[in-house]
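The form predicted alone is given below as one chain in structure tokens.
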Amino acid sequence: MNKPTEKKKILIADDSQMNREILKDILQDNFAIAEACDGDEAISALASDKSISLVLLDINMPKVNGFEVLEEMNRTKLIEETPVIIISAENAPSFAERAFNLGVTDYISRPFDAHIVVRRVVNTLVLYGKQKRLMEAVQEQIFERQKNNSMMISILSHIVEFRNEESGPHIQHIRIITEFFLRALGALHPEYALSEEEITLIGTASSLHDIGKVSIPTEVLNKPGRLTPEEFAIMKTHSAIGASMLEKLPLYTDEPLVKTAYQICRWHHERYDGRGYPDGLKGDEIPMSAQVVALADVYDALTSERVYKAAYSHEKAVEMIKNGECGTFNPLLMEVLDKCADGLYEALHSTPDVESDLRKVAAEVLKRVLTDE
């Protein structure tokens, strides 16, 4: 036996009980009905009841009018999820123009024909349902592309890591730490806040930070003891070589991911005081993406076992970095490390929800594309 289809819920927001009753009589055979007698009630209903599929909204209401309801729906992004049809006795073109500018789907003037109301409600719900399914399909395609890009870069970076004989999770750690620092920096200093799409792009690009090590001789790369000055000079070439490899790609050199990976490859060993390599960049001459990856790389090197050292504890690694034992870093990043060290440890020791993160990025990309259009 087939389960009966659940009726879609419509919120009727009007201060006139008579108007609400008329609309309710017209629609209740085919739809579930919720009512609000003013704008305040409408906003509360929308915030608490996620099953509302459409709003029939009057403009002239006490306390909070229809335009103010629309402004609140725009502020909370509800207008993107719930279509609104204005039903009002206000016939001035300026009212309709303002309503459409605030995102309403349709505008019906009183007095109205009952059949017209039903038809417009049905059409709006059908069109919105088709649009929603189309957007979900496009978003799924974007998600799959993001996932495949991330997977291929992860495979490539792990090949480099395998040759380097570093700890298995090194590439994953760098990405987690990089994204953690970027989010924390944006939270502490909003002028540095990035979108999830930008954070994920930098995190993905960080996976290629050591790609130049494929050119370093194995006896230098995996030497268990301290490197000689000559061997260290060879090791230092990996950053410039990795950047050159990306710069000479036959395709995609203009892609944001490749440009960001180039910056990280070349400059993740620069230091804020100018004592890094290969170019001796100083302060804000170093892109923030490379500065963050540099700090992530140092922290993970300290807390991981290497062929030449045992692993330090999280607390000891943070102390060493803050004491300047590992070079000089941007004071803003030191502030993040100081205030968010516990969160960093938790982020590294929890299971990352990569799929959820990529789906957030896919939604963000789709929204940006639609906005740009």
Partner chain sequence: MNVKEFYAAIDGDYEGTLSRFLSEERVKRFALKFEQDPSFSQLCEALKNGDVGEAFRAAHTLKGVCQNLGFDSLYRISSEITEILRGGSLNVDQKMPALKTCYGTVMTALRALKED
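Numbering follows the first chain given and starts at 1. All values reported here derive from a predicted model rather than from experimental measurement. Heads up, when I say rigid core I mean the largest set of C-alphas that superpose within 1.5 Å between the two forms.
Keep in mind the form predicted in complex with its partner chain is missing from the figure; the text below concerns it.
With the partner removed from view, which of 210-218, 279-287, 82-90, 242-250 is the stretch that lies within 4.5 Å of its partner chain in the predicted complex, judged by heavy atom distances? Flagged stretch: 82-90.
Taking the shortest heavy atom distance, is residue 331 within 4.5 Å of its partner chain in the predicted complex? No - in the predicted complex, heavy atoms of residue 331 and its partner chain never come within 4.5 Å of each other.
Within 4.5 Å, heavy atoms only: does residue 62 come near its partner chain in the predicted complex? Yes.
Does residue 229 reach its partner chain in the predicted complex, with heavy atoms at most 4.5 Å apart? No, residue 229 sits far enough from its partner chain in the predicted complex that none of its heavy atoms falls within 4.5 Å.
Find out whether any non-hydrogen atom of residue 192 is located within 4.5 angstroms of its partner chain in the predicted complex, and reply yes or no. No, residue 192 is distant from the partner.
Contact residue in the predicted complex, chosen from 262, 95, 180, 272 - any heavy atom within 4.5 Å of its partner chain: Of 262, 95, 180, 272, the residue with a heavy atom within 4.5 Å of its partner chain in the predicted complex is 95.
Let me test this: is every residue among 305, 319 and 345 within 4.5 Å of its partner chain in the predicted complex, going by heavy atom positions? No, because 305, 319 and 345 lack any heavy atom that approaches its partner chain to within 4.5 Å in the predicted complex.
Contacts with its partner chain in the predicted complex - residues in 110-126 whose heavy atoms fall within 4.5 Å: Residues within 4.5 Å: 110, 111, 112, 113, 114, 115.
Any CA movement of 2 Å or more for residue 57 between this form and the one not shown, core superposed? Residue 57 C-alpha, core-superposed: shift of 2 Å or more.
Against the rigid core, is the Cα displacement of residue 189 between this form and the one not shown at least 2 Å? Moves: no, less than 2 Å.
After the core is matched up, is the C-alpha of residue 220 off by 2 Å or more between this form and the one not shown? The answer is no, as the C-alpha of residue 220 shifts between this form and the one not shown by less than 2 Å after core alignment.
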